[in-house]
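Only one chain is given next, in structure tokens, and it is the form predicted on its own.
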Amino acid sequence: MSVWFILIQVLNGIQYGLLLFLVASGLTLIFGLMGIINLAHGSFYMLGAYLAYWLTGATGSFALAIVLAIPLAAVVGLVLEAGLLRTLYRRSHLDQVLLTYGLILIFNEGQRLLWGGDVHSVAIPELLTGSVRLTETLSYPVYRLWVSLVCLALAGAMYLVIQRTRFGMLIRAGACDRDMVAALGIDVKLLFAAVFAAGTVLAAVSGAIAAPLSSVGPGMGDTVLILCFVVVVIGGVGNIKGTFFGALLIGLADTFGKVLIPDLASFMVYAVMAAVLLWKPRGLFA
């Protein structure tokens, strides 16, 4: 096993981990601020992938498809928050689980009605179809590097918004004491709606940019949802920084597990989670 081969797997693991971070960060924001356990979050990832497939075919441009998918995903998030989830803020987690699990079924059936049960593919944009040559026999796809850069840019933007803006201050304050934030005259309902829409968009964008890397098919959000919960638990529930490092850890563990011990690849992810929780029961950055 050469050094270049290991480097390629590290890059693959980082790229996969950054994608997981985009999805899981939305889940973390929603649970950290609103206290909602959203089992339908993986469906937003699937929605983004199908929107990329549909809009790319309709417009002929993958970039335009992503641009159009963002407001569509935001509208879906706003409608769900206002119409369904707003009634669950003061309810038990069991009620939240039951409702959001029902949303998974609705999204899966809606996907079959709109796009059928076939598996689809999305072509990589022509500008990103090349590869970076590492050796005479090994190269790395430009598109994967682009995905990593986009995820890093969004992660940096998320950090600046949460830590350096008034909106981020309200999110952090609301996560600590929503009643006090409301008493200060802040429209908490509007804040919650904005955060839920942002979480929906993050998941949808990650699904859209991941579509050319994998097939677009029914139930594709279910596996991602499980890994996102693993990432959130490892990083510490409600902690964006922990979600980032937890996602990278899971991305590397999953990638090297598939390369080194493919028969136990899925076990590696849960072994890493168990090891972290034995060391820090509340997560890396609780």
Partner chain sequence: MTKPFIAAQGVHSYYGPSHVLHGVDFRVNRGETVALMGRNGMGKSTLLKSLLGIVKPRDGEVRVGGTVMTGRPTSRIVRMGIAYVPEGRGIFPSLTVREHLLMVARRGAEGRRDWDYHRVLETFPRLAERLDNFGHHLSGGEQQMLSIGRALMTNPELLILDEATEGLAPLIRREIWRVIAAIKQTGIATVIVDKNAHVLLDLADRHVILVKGTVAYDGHADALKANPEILERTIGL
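Residue numbers count along the first chain shown, from 1. Quick caveat: nothing in here was measured; it's all calculated off a predicted structure.
FYI, the form predicted in complex with its partner chain isn't displayed, but the following is about it.
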item	value
Residue contact check: residue 133 to its partner chain in the predicted bound form, 4.5 Å heavy atom	no
4.5 Å heavy atom contact, residue 181 and its partner chain in the predicted bound form	yes
Residue 185 within 4.5 Å of its partner chain in the predicted bound form, heavy atoms	yes
is_contact(residue 176, its partner chain) in the predicted bound form, heavy atom dist at most 4.5 Å	yes
Heavy atom within 4.5 Å of its partner chain in the predicted bound form - residue from 147, 194, 170, 124	170
Contacting member of 129, 139, 215, 163, with respect to its partner chain in the predicted bound form [4.5 Å, heavy atom]	163
Its partner chain in the predicted bound form: contacting segment from 139-147, 71-79, 201-209, 186-194, heavy atom within 4.5 Å	186-194
